[in-house]
Structure formats: C-alpha cells, structure tokens
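The chain below stands alone and is given in structure tokens; this is the form predicted on its own.
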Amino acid sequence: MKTLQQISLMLNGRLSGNPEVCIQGVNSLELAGVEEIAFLAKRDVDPAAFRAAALIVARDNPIDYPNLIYVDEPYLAFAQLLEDFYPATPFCAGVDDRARVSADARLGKNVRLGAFVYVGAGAVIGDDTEIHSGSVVYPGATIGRSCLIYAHVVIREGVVVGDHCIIHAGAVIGSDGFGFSRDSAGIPRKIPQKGRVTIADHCEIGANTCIDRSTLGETRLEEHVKLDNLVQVGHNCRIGSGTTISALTGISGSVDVGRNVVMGGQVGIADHLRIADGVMIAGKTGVSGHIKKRCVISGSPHMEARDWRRMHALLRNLDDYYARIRELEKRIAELEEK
C-alpha cells in the first residue's frame, strides 16, 4: 500500500488531488476500483465512467478528475508501478535435487535451477539467473547474470546469452540453420551449421520462438531486442538494438535488420536483405527487397504504406471499373459501326 504522495514522488510526477489517499493496487482503467490506480492514454473520454482512486496521465492531459498524477510517459510510469506493486518472486530456490549439472559447469552466486534442468559440460551460468523446470543448457553455452529462463527452453552448444535477458517457455536458441544444397541427383544435402547465436543484454525472447545458429560466424541479437511468440530468426541474421518483432514473423537467413525497427505480426522477410534503422513494417507484409531508408511499409510484395492504401482503395472498386470499361468499349464499338 502507498499514498498518492509516495507514488507521485516515485514516478517523478506532479500530483493534483489528495496526497493522503491510499492505493492498494494497480488495475486497468475499466476495472480499477476505488482503492486502485490506473493510467489513461486517451484524451477524449468521459471521466464519470471510471471508479479508480487516481489516474496517471500525460502532463498536458486536460481531463478533470479528483486525483491525478501527471507524468511525461504514462504507460512507462504504469509499468513502473506494476513492478513496484507486484514484484517478481523466484520460482525456485537454489538447485533442485532433480536437476543435473555437469561437474565442470560453472554456476554463479544465487543461481536457481528447477526440477529436471540439465546443464552440460563447460556451460557457464551467471549470478542470480533462474532456470525453470525441464530446460536444457547444452555443453559450452553461456548465460549471463540476472536472466530468467522459463520452462522447457533449449539453449544449444556455444550459444551466448547476455545479462538481464528473459527467454519464455519452449524457445529454442541455437537450432541448426536451414542450410541445404542439392547434389547432382537433386537430393538435398545438409550444410553443417558450425556457428553460434549471440544474444546481447536486456533481450526478451517469446514462447516457442526459434533462433538458428549461423553456418559460420554468428547469428546476433543486439541489446534490447524484443521478440514475440513464434518468431523464426534464420541463420546468420543480425537484429539491431531496440528492434521489436511481433508474433508469427519469419526472417530468412543472412538478413541484416537495423536499429529500432518495428515489425507487426506475420511479417515475412526474404533472405540476404538489409533493412534500415527505424523502419516500420505492417503486419502480414512480405519484404522482398532491401529497405534503404526509414519508412513505413505494407503489402506483399512490400511497398510504402501510403501506396499500399491507395492501391487497395482502387481494388475495392475494381468490379465497378471493369463494368464501366466494358460499357465504354461497347459504346465505342457501336459508334465505329455507324
């Protein structure tokens, strides 16, 4: 429990209202009760519809409400409150008796391993990292400090995971890249995948996401990359810092993605492409060529979003255009007969 005064100071905000009001929890705007705080992103709303004890709003929001905390970034402030009111609790304590750790693996201080975790020979796990039940850390893999690895994650040999990373259940890091060459009989022959995956600090990998090891060298995620569930990152890719990639996106091999790129869901990217910093890619876009400058793209094959919207506006009227053209052709034919 905290007072509004305490919350305002913690968020570096400006309080308007009663500083002694006690807040018991944090909730969504629609569900927040009389002892809870919520955040408001919109401006054109009816405050009479809300029951929250207080609202977190942007500093220029004109809403009239009994208790308000004005901040620069309401959503980030709300996230900070969630962390404060509902701190993460360890899933396990110490190393479970049913975990198996190779004799020459190195565990840092306060490492926590759940039941049936396997840590292979020569693997290194940093201080304060927690790995949940059924996960496998292959020989020679390295995991940094203060990481959280959920259940049934596979981290293959030679993979390097930085500090403060989160990997959700079922993810596979370092699976073989999809590399094959056909022989004279047309039979696919496997190209050995002998590189590795490197994940820098503060990355988050969604559930059942797969990141393939490189043929040679490395597949690399830079700092603060966030991948949603069911994302596929092909071999020898580089994902620039601050990039976010939504669910069901597939990135082919040797793609170089710039910094702070935003990809919607179900994006597909062909191999050996370069995507510039700051590009925004709408959901279901098929990227078939290099994107050399910051822009917003849509469609398959991709094009700038404004062109895609204009094209689809025309497509909606295609039947009408076709009928009109046929009618004009008929009239022209009649005139030519005369």
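All residue numbers refer to positions in the sequence shown, first residue = 1. Since we're looking at a predicted model, the values are computed, not measured.
The same protein also exists as the form predicted in complex with another copy of the chain; that form is not shown, yet it is the one meant from here on.
For the options R294, K284, R274, R51, the one in contact with another copy of the chain in the predicted complex, meaning a heavy atom within 4.5 Å, is K284. This chain is drawn without another copy of the chain; in the predicted complex, the residue among N110, N208, S254, S146 with a heavy atom within 4.5 Å of it is N208. Another copy of the chain is not drawn, but in the predicted complex it has a heavy atom within 4.5 Å of D228. The closest non-hydrogen atom of P192 lies within 4.5 Å of another copy of the chain in the predicted complex. Not displayed here, another copy of the chain is kept clear of D104 by more than 4.5 Å at the level of heavy atoms in the predicted complex.
Contact annotation for D319: at least one heavy atom lies within 4.5 Å of another copy of the chain in the predicted complex. Along 73-105, a non-hydrogen atom within 4.5 Å of another copy of the chain in the predicted complex is carried by E73, Y75, L76, F78, A79, L82, E83, Y86, P87, A88, F91, D96, D97, R98, A99, R100, in order along the sequence.
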